[in-house]
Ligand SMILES: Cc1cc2nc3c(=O)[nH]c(=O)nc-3n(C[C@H](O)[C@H](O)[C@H](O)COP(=O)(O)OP(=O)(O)OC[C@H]3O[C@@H](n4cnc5c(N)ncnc54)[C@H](O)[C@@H]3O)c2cc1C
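Only one chain comes next, encoded as structure tokens, the form predicted on its own.
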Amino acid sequence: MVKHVIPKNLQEALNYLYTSDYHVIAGGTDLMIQKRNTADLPPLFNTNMIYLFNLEELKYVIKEETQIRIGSMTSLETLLHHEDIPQLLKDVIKEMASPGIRNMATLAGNIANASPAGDSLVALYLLDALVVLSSVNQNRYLPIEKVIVGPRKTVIQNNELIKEIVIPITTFSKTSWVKVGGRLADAISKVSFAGAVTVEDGRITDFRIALGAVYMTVIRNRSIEKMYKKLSVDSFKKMTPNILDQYQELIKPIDDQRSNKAYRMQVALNIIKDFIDKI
């Protein structure tokens, strides 16, 4: 028989996960759709479920000297209106779903769902987010790209839950967010892009690109980014064909009901070029 539990606090939740196998559910905006049943019937859960969205101790945004810590049960709508959340992440959240869904959805849910088209993931990759995984025995601090290893696949263990997301405080000269979808918000991305650049004394000191829905995971390549740091802006722009060639090798989209791989490839490259042109 499937069990459903609602722990009263974080420690009780960790104890449940330590003693038995449970599938964690937060706002359920992805999971309830994945497990949907016919009309008027409850979802088709076939594993024990532990519901965490009621845990107030995991709903917070704390700004520290060098980082921002976001509790895993903090809703996207709360983040959208919080003064300490980076503008790039707010720009992404604004185009995610509807206000009703954003009041239930969480960054942690997007991470655990591990969809290559998860919009918030693109921003989190770009912002060097760390994911804190908690169990009875320890806390693990992992870069988000080490947590998500494939479509619907993560390294989160059965006795762990996402406690918080940590974002380093970084100032950029320019950021960009582009979502290509059937509608502005209530749609799964065909292609998504986040870019950031910092220019000091006419030279590139920081350059970042992240792409979603064009590979098994979000694409971000620090080796490519590092190659173009310290160049003058003019020299950097002259390298645009090289940059596009390098990203073209990484982009491996698929055909599905939302789009086709040729379209995704061309659109992704066009967005990268446009971002560089506007620096």
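Nothing here was measured: the structure is a model prediction, and the numbers come from that model. Residues carry their position along the shown sequence, with the first being 1.
Although not depicted, the form predicted in complex with the named molecule is the subject of the following passage.
- Heavy atoms within 4.5 Å of the named molecule in the predicted complex are found in exactly one of 139-147, 204-212, 191-199, 72-80, that being 72-80.
- Looking at residue 28, you'd find a heavy atom of it within 4.5 angstroms of the named molecule in the predicted complex.
- Remark: residue 127 does not count among the residues lining the named molecule in the predicted complex, judged by a heavy atom distance of 4.5 Å or less.
- Contact between residue 169 and the named molecule in the predicted complex is not found at the 4.5 Å heavy atom cutoff.
- Mapping the unseen interface onto this chain, residue 113 counts among the residues with a heavy atom inside 4.5 Å of the named molecule in the predicted complex.
- Residue in contact with the named molecule in the predicted complex (any heavy atom within 4.5 Å), chosen from 52, 68, 219, 243: 52.
- For the stretch 254-279, the set of residues having any non-hydrogen atom within 4.5 angstroms of the named molecule in the predicted complex is empty.
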